[in-house]
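Just the one chain here, the form predicted alone, laid out as structure tokens.
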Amino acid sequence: MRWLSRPWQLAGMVLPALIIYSLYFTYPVVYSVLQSFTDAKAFGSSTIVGAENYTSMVDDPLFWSSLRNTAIILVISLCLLLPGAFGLALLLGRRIRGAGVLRTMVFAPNVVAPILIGLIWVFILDPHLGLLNELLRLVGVAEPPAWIGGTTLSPYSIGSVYVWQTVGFIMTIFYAGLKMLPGDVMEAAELDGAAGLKRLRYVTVPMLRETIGITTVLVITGSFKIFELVVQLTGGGPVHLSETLVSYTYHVTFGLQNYGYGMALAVITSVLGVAVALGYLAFLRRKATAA
């Protein structure tokens, strides 16, 4: 292995991976950023328009409504998905009968294609023919709410369906983290009187800090990428008021064939997702340093 110590030979080994990475990851990103500064359309040549596509977002009400809907879905995911998945991991991690079957059932929605998940929930949430509103009418609700297709509840319904679809995946990560905790530390904590909620707060949660950080970043980036559920549940309607950032980007780019503005939306969506994730990681580092 002596020849591996020579720099030019090491560079020769790394170079193919660097070329592949550049072709498949770096080039599309750079190309999209460059396109966002042009007025590229489906046909004809394009010209450079500077930051016009970015300044146009300020006066675009559909951009702000899609940003608001994405923020609602993100908040719902952080408030329901993380605590719910952690609670399920604690519950199903106990030695109870049927825990393995229950874990499989909770994880099952994660292996189904999002487009099929959306189709299933259309039959439940449809305001006219859906199962949920039929049940509400049976118990005397004369005018049940429009869970999807309206202007108010659609992002909340999309966020709830996303939580239902993803909770098994996040639960599995928490479950693996709980199983990796050293048994002697947990037994010592119990002998010192830290049992139940006290052990959970002062021993289990601090030791799972990295796992919680990873799952939170996954939830943040996942919320910014929701697309299929929007298309299947609402189609972005009515009049595109239930679009998220990604589905609105798709509509502008491929529906209106305004590639320049669409790439600007894609860049802003990526920057926002990365900024929120990095901000949360910085918060975790400061909290760990202060502890």
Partner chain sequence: MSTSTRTQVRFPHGDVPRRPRGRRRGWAAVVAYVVTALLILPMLWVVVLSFQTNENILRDPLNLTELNLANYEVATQTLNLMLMYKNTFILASVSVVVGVVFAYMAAYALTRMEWTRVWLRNGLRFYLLAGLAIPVYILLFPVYRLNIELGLFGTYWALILPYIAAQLPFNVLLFTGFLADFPVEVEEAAVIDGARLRTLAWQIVFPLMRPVVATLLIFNIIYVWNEYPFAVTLINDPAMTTISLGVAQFQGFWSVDYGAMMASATLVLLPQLLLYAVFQRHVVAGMTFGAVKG
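Keep in mind that this is a model prediction, so the values were computed, not measured. For clarity, a rigid core is taken as the largest C-alpha set superposing within 1.5 Å between two forms. Numbering follows the first chain given and starts at 1.
Omitted from view is the form predicted in complex with the partner chain, to which the following refers.
Though the partner chain is absent from this view, in the predicted complex it lies within 4.5 Å of a heavy atom of just one residue from 241, 49, 67, 231, which is 231. Contact between residue 57 and the partner chain in the predicted complex is not found at the 4.5 Å heavy atom cutoff. Although the partner is absent here, residue 256 sits far enough away that none of its heavy atoms falls within 4.5 Å of the partner chain in the predicted complex. In the predicted complex, none of the heavy atoms of residue 201 sits within 4.5 Å of a heavy atom of the partner chain. The partner chain in the predicted complex is not approached by residue 156, whose heavy atoms all lie more than 4.5 angstroms from it.
Three-residue candidate spot 88, 108 and 267; every residue lies within 4.5 angstroms of the partner chain in the predicted complex by at least one non-hydrogen atom.
Of all the residues from 8 to 24, those having a non-hydrogen atom no more than 4.5 Å from the partner chain in the predicted complex are 9, 10, 12, 13, 14, 16, 17, 18, 20, 21, 22, 23, 24. Put the two forms on the same core and the Cα of residue 47 is off by less than 2 Å between the shown form and the other one.
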